[in-house]
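Given next, in structure tokens, is a single chain: the form predicted alone.
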């Protein structure tokens, strides 16, 4: 089926199309328009033309539109989940969980749209400030470019579109090439609930063509991007004075202290490592276990991993399916082979079964192996033993990434020490770094990004602070 670009509230044919294939089966599922420079220009113009209307729109109306989007997705939730499973290869149960979070994200955006406020500033705290009253407000930035990845094609779009609309900005959305159908689904819903024409535009196609246009066009006032560090750094270097929010790579780790409750800890770590075949920004990639608990932890982890079942993502019993593209599977296998050559042991997995790479557990992985120091973004986890939590923290921090980390410990002093010493954007005490709810601040340090998502915090990133001062 041929799809169309969504520009200015209208469905527009592309001059060229490319085939979209399902990751699991390889079957053709759609023909996707490839936006050229002219199409991107039209989308930016459409967004700019409605910006004044959005700026004047009362907060309660912006809130109502976002709430209506949430309700429409809720009514079509099974359709949305099957769409994610088809285009992203995400197991249907995991896809349903993403849809539920997407609904929650738009509801949070609807609520936060009514809570965008400033503060009074006591100018008389400084000599010369007597007789003056001051307050701050927040105003929309203008047209926002949102560039999103394949792994959460509905909820990560919501984390950009929801806050942008809540703050009164228009959006030009460029979804990942493998997952455009979820973005078109959102456009259909936005049109149905009466989002003003041009407030949301969806352009699909080449990242280099569309991204170049969005990053360099002076009408774009902000860019919010989730993707690789290489692309994110290039965007920031070229964006000039545009506001930029970057959610980039990760290499998330869990530290397991002495005497863990294996019945609680192990299933969570297995979930964090292999949910959606590890194609999650905060997937558990490294586990450091104190020596005394190591053998029991590994045995329990392998037992729990053995319960997972691979297959067609549309089947209810499937826990994992094919990765997003065969090239990604081959890259992951190459990293596994490299780790093995450097002395790592493969405890399970490590070889593809058709298009599927099963969950892979490694141990004795040296820190210089790519599966240890880079982002594998695949169903691979390493479990290494350490002599102390302090040693584990040093290993966690020995990374160019710093998104989230987790630690399981029964000692509050150890927990507080880890919270202070771990060089990450978020520390999860007695949970895995894969934990995220959609209203918490989310973002990293080092090469993991710049700025914060989480609806309230994203609104701050996508709005401008203004001071108003009265002299009596």
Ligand code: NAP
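These numbers were taken from a predicted model, which means no experiment stands behind them. Residue numbers count along the first chain shown, from 1.
From this point on, the text means the form predicted together with the ligand, which you will not see here.
**Student:** So which of 112, 247, 98, 87 reaches within 4.5 angstroms of the ligand in the predicted bound form, heavy atom to heavy atom?
**Tutor:** Contact residue from the list: 247.
**Student:** May I ask you to choose, among 349, 196, 142, 227, the residue with a heavy atom within 4.5 Å of the ligand in the predicted bound form?
**Tutor:** Only one listed residue qualifies here, and that residue is 227.
**Student:** Do residue 74 and the ligand come within 4.5 Å of each other in the predicted bound form, heavy atoms counted?
**Tutor:** Close contact is absent here: in the predicted bound form, residue 74 is far from the ligand, nothing within 4.5 Å, heavy atoms only.
**Student:** Answer with yes or no whether residue 208 is in contact with the ligand in the predicted bound form, where contact means some heavy atom within 4.5 Å.
**Tutor:** Taking the distances in the predicted bound form, the answer for residue 208 is yes, it comes within 4.5 Å of the ligand.
**Student:** Can any non-hydrogen atom of residue 388 be found within 4.5 angstroms of the ligand in the predicted bound form?
**Tutor:** No, residue 388 stays farther than 4.5 Å from the ligand in the predicted bound form.
**Student:** Could you confirm whether residue 231 comes within 4.5 Å of the ligand in the predicted bound form, counting heavy atoms only?
**Tutor:** Yes, contact at 4.5 Å.
**Student:** So which stretch, 133-141, 257-265, 199-207, 359-367, is the one near the ligand in the predicted bound form (non-hydrogen atoms, 4.5 Å)?
**Tutor:** Of the options given, it is 199-207.
**Student:** Every residue in 148, 177 and 235 with a non-hydrogen atom within 4.5 Å of the ligand in the predicted bound form?
**Tutor:** Every residue of the spot touches the ligand in the predicted bound form.
**Student:** Mind listing which residues of 384-414 have a heavy atom within 4.5 Å of the ligand in the predicted bound form?
**Tutor:** Sequence-ordered list has one entry, 403.
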